[in-house]
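For reference, the chain that follows is the form predicted on its own, supplied as structure tokens.
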């Protein structure tokens, strides 16, 4: 019986793609870390799963580069959480990464569609 494919986890996501995905989610609205994980799963129709152990180092890295800004706010549940939002530099980086991703997808499609 063929094994049903499982959704890719963070270890299987192409190098650098996690940063682009985080930037995109934060571009939608200010959001806390767990919300990023949930929103990414929701938008990807449960195809992408990011472990918090990969998410938070990426958030700190993106914040350190000046692409995200974090502020403490109270969640709907009444707890304090760090909310991340995209900075102008982050928006520029996201556009560059999206353009690079589109070029990569086009190149891969050319190879996959090549006549045998």
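Positions refer to the first chain, counted from 1. Every value quoted in this text rests on a predicted model; they were computed, and no experiment measured them.
Missing here is the form predicted in complex with another copy of the chain; even so, the following discussion is about that form.
- When another copy of the chain is considered in the predicted complex, only one residue from 43, 31, 81, 70 comes within 4.5 Å through any heavy atom, namely 43.
- Contact here is defined as any heavy atom lying within 4.5 Å of another copy of the chain in the predicted complex, and by that definition each of 25, 101 and 105 is a contact residue.
- The stretch in contact with another copy of the chain in the predicted complex, judged by heavy atoms within 4.5 Å, is 46 to 54, chosen from 59 to 67, 85 to 93, 72 to 80, 46 to 54.
- In the predicted complex, 101, 104, 105, 107, 108, 110, 111, 112, 114, 115, 116 are the residues of 101 to 116 with at least one heavy atom within 4.5 Å of another copy of the chain, listed from first to last.
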